[in-house]
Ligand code: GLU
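Consider the single chain below, provided in C-alpha cells and representing the form predicted on its own.
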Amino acid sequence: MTEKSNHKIVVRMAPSPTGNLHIGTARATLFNYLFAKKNGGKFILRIEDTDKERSKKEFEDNILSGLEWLGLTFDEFFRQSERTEIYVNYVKKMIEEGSAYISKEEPKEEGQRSEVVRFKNPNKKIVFNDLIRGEVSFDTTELGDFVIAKSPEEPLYHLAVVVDDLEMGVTHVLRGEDHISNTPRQILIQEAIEAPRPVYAHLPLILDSERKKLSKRKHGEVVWVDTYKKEGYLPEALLNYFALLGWNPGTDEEIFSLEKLVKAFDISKVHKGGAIFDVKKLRWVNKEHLKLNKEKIEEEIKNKLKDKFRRDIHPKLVEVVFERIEVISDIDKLTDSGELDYFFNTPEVDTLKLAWKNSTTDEAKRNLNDILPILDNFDAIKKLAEERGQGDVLWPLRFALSGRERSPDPFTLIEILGHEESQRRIKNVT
C-alpha cells in the first residue's frame, strides 16, 4: 500500500507516558496528523503504558494537554493499560500454536523472573519497504527468542503494539528512526498471528548543533514542548517549525498554517538525514507568525507594559517593542532588564557622549538648542540635519532623549515621550 492508495488510511501515534511531551514526539504526531488529513484517513492516539513502573498519569496529562495546545486533534483514543485482556488472549493463543513458549529462566539479579514468555524466532531474513528509506533488511537470527510477556497475563511492548495495530486497522506506521530496530521483531509477531503488515516510514531524528540526538537525558528542558509554551512561542509557529525538521515542500516557502501544511505535505519529501534543531531559526519562524497575529500580540504587549509601568502606553511604544521581540517572553526580558526604563523615567545622560564622531560637545549642544524651537516640526529638523550633517544633528538629539547609544530614531522618541518631556530632556543636557 502506498500514499496514493484508495484504501482508508489509518495511522497512530503511540507515546509512552514516561516523560513530558518531547519535541520529537510532537513532530512525529504532526507528521501522522498531516499524512492522515492529506489522505482523508483516520488518526489514532494511543497511550502505550504497559510499563506500569515508569508510566505516570501526570506525564499522560502533559502529553494530552500539549497536543491539544498545538491543535493536533485525534479521531480515536486508547490506553494500552485498558486493553490487557486482549493481549493476554493473543499470548495464550501464541503459546497454544507454538509461536511462543513459557521459558524457564535462571534469575541473574534480584527481582528477575524465573519464568517469562518468549517468542519462538524462526531465524529468518526480514525485508520491508520503508516510505522514507527504501528497502530495509534484517537478519533476525541475532534477536534470539525475545521476550514478549513477563507472564501469560503481563504482555510487553512489542506484542501489545502489533496486536493494537491489527485490532485498530492501522495501515501506516510513521515513527522516529530510533524505532527501526523494533520493526523486525514486530514483523515476526505480525506473521505469527497472521496480521497484515503496515507500511512503515521511519522519520529522521532531531539532532542538536553537534549532530547528536536531542534527548531529555543530555539536553534537559530543551526537549519539552512545555518549555516553548512557557516562553511564549505560538503553537502554530512550533508546528510550522516542527514540519521543517526533516521535510520541506520542495519550494522556498517556509511559513505555513496547519491547514496549509496539510495541503503541502508529501511524505516522499521527508529527508533520510537527521534534522538539526536550531533555536535561532525557530525564533525567526515564531516572529513571522507574530506578524501574522500582530494586532493580538500588540494588545498583549500593551497590557504587559501597563502592568509593569502602571500607566497608559503610547501606541508607538507598542510598535517599538513589537519590532524587538521574537517570542512573548522577550517582552518581560526587555522590561526586567531596564531596556525600556528611559521611556518612563528621565535618563542620566553622559554629556561627553553627545558629540557625533569628529564633532565637539559644544557643537552638539548648539545643534540641540537650535532644535528646541522646531521640536514639533520633523521636516525642519530633517532639513537642519541635511545642512549640518545627519549624525551631527540626529545623534545628539537621540542620545539626549534616551541616554543610550542604541534606541529608536529621535522622531519616534519624540512621538512617544511627547513635546514637554522631550523639551525637558534636551534642556537637561544643554
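The structure displayed is predicted, hence computed values, not measured ones. Note that residue numbering begins at 1 and tracks the sequence as displayed.
Beyond what is shown, the protein has a form predicted in complex with the ligand; the following relates to that form.
The partner is absent here; in the model of the complex, the one residue of Ala14, Leu21, Val11, Leu413 having a heavy atom within 4.5 Å of the ligand is Ala14. In summary, among the residues Leu239, Val161, Val225, Leu354, the only one with a non-hydrogen atom within 4.5 Å of the ligand in the model of the complex is Val161. For the marked spot (Tyr157, Arg175 and His179), a heavy atom within 4.5 Å of the ligand in the model of the complex is present in each of the three residues. Looking at Glu48, you'd find a heavy atom of it within 4.5 angstroms of the ligand in the model of the complex.
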